[in-house]
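Read the single chain below, which is given as structure tokens and is the form predicted on its own.
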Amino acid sequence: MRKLRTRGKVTQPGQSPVHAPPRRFVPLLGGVATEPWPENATLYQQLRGEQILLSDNAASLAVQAFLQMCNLPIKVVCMANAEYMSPSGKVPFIHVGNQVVSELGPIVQFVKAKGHSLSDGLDEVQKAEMKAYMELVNNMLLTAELYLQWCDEATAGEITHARYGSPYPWPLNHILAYQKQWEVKRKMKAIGWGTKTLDQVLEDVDQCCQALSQRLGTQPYFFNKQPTELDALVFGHLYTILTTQLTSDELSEKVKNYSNLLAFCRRIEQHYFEDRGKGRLS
């Protein structure tokens, strides 16, 4: 997994294994809009080098890109037990003042309540279209990432189990990995992906990329000159797919077939990370 540079210092506290999940943070309500964005706002995710998986890395990068687009500073903290600290059980989550919010959608709403929005300039039709494409990304790309991680036996056996359980001692590392795999496979069965083959999943990814490529066209962003949360979400997933080493290159090759999507990823990396002194995302 390649390292990602973002605004602020990245902290990876301690390398000792976590033997038991801590209690989750609970979001506190009230006073969201009245408080300015603090300089010590923090984003939590799993350990970057040895633990975080493709889907969680994509979700974290999407939130980081969104906050960069809003020009809001965030410090990234990598914790082995970040998944268990999250109020929803999913990463990333942000800690801002006395508020704890997880996942891109709720974070977008939280940031909007503080007076920062990337999509206020869109009309109602455009907002509906933006939400539809975000659903497409979550239903296709995110689900494909989860499938590849946990349902493709080669990837699960060679990469996923080792990374997911890496912070924990034996036998907890195996127990947690198999428990997570069972949960994901149950979800896949519930949404009709349980019997899909890898080739079918890759075809779904290609169709999603084709739809995104057609919508983007020659524009710099999906809604012309200014990015929205859709751009942050797409960037997070596509960039992570392109830069994550898996057992084969089949997934990344689907994205590489669309030159405007590659240029889109490079544009956001350069403008919102390199040009702001964060260095290249590598």
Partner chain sequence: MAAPLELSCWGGGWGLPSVHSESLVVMAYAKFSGAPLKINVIDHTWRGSRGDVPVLTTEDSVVSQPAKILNFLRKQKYNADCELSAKQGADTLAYIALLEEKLLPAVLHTFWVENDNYFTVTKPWFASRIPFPLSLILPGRMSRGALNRILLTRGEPPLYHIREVEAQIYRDAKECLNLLSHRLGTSQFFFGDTPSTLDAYVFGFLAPLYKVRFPKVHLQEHLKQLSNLCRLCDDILNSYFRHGPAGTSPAGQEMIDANLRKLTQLVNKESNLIEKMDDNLRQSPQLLPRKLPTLKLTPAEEESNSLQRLSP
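Residue numbers count along the first chain shown, from 1. Keep in mind it's a predicted model, so treat the numbers as computed, not measured.
What comes next is about the form predicted in complex with the partner chain, which is not displayed.
Within this chain, residue 113 is remote from the site of the partner chain in the model of the complex, having no heavy atom within 4.5 Å.
Taking non-hydrogen atoms only, residue 174 never approaches the partner chain to within 4.5 angstroms in the model of the complex.
Although the partner is absent here, residue 256 lies well away from the partner chain in the model of the complex, with no heavy atom inside 4.5 Å. When contacts are judged by a 4.5 Å heavy atom cut-off, residue 162 does not count as touching the partner chain in the model of the complex. The candidate stretches are 146-154, 186-194, 91-99, 74-82, and the one lying within 4.5 Å of the partner chain in the model of the complex by heavy atoms is 186-194. Residues from 132-148 that approach the partner chain in the model of the complex with a non-hydrogen atom closer than or equal to 4.5 Å are 132, 133, 135, 136, 139, 140, in the order they occur in the chain.
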